[in-house]
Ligand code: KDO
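Let's start with one chain on its own, the form predicted alone, as structure tokens.
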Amino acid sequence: MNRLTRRMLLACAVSIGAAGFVPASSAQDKLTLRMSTPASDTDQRSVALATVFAPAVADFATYQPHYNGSLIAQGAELEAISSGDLEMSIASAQELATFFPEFSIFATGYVHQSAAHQVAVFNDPLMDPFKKKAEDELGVKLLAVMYLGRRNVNLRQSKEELTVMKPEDLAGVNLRMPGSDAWQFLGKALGANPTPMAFTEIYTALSTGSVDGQDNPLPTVVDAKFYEVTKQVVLTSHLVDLNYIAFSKAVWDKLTPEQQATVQKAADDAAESGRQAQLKKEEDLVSFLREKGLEIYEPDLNAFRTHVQAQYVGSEFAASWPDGVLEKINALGN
């Protein structure tokens, strides 16, 4: 099914879902908000929604989370919201880009500069056309942005053997990156020689020298024990990853203005709680990795950002980006 046909069918589903939604029949009845996510119940995003969002809306809604993709298969949540079969999900920019290619800009290297920059971008008027399209054509209201973390470069060589301050310093470095064209493009844009490889093979490849390094957020470096076979982490922050709290527009439209305000504030507060927890976790992991003997430092982020963005401009990956949006996003980070 091509993207246009898919969007037409979803537009019909949005209308049907809106018409078929029935509000609570009495003041005693509560709306059930089913949340489907592939994340676990201990994930920072899950914890924030369960401990902050759920209590805030409890007067009129029952928050019902379903973890590990147990209700709706990963990748199908947005369609489920569109068809009226789900009230909430946590959606990535990559997922939204399968419906609206322009969302790919928010999943691109060095577009977001920090967790705070993500919030500034999400709340800026530049996001209004993106949000409106998701609402009008998919029936999905994006309530808030959640911080996932920063991907960094993790290398076998010590800093004495290889100090990475600018993209040219990665020349000839075999850097494991996920295998998709978009990830491989980002690896080249960083200045490295990107090497596609299954995640399960990375540890062995690092230990044998089949690759020089890998890129992942710090929690992954620790969880997968890559610190045992590497000597440094370069805090390139080349992808500051995010999710959006996605909410059914049909359900939203049936809420009273007071309830809408409560849901919005609950989502904002949950996102902020998760953001601060994730930032603290990253800070703690820097200390943990240093204790394990790894050298951790920040390169010339300006040089990396300028170089990487220059590779995207004019490429097929940027063809769908609205004119001027990248410049507006960059300006919010200055």
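Only a predicted model underlies this, so the values are computations on that prediction, with no experimental measurement involved. Heads up: residue numbers just count along the shown sequence, starting at 1. Whichever C-alpha set is largest while still superposing within 1.5 Å between the two forms counts as the rigid core.
Another form, the form predicted together with this ligand, is not on view; read the next lines as being about it.
- When this ligand is considered in the predicted complex, L86 lies well away from it, no heavy atom lying within 4.5 Å.
- At least one heavy atom of W183 is located within 4.5 Å of this ligand in the predicted complex.
- Contact between D269 and this ligand in the predicted complex is not found at the 4.5 Å heavy atom cutoff.
- By the criterion of a heavy atom within 4.5 Å, L142 is excluded from the residues contacting this ligand in the predicted complex.
- The chain is drawn here without this ligand; in the predicted complex, the stretch among 110-118, 165-173, 123-131, 144-152 whose residues come within 4.5 Å of it by any heavy atom is 144-152.
- Only one of E282, D300, D43, E295 comes within 4.5 Å of this ligand in the predicted complex through a heavy atom, and that residue is D43.
- Of the residues A39, A48, V308, L289, just one reaches this ligand in the predicted complex with a heavy atom at 4.5 Å or closer; this is A39.
- Core-aligned CA deviation for F226 between the shown form and the other one: 2 Å or greater.
- Relative to the superposed core, E201 undergoes a C-alpha shift of no less than 2 Å between the shown form and the other one.
- Shown in the overlay between the shown form and the other one, fitted on the rigid core, is a CA shift at Q184 of 2 Å or greater.
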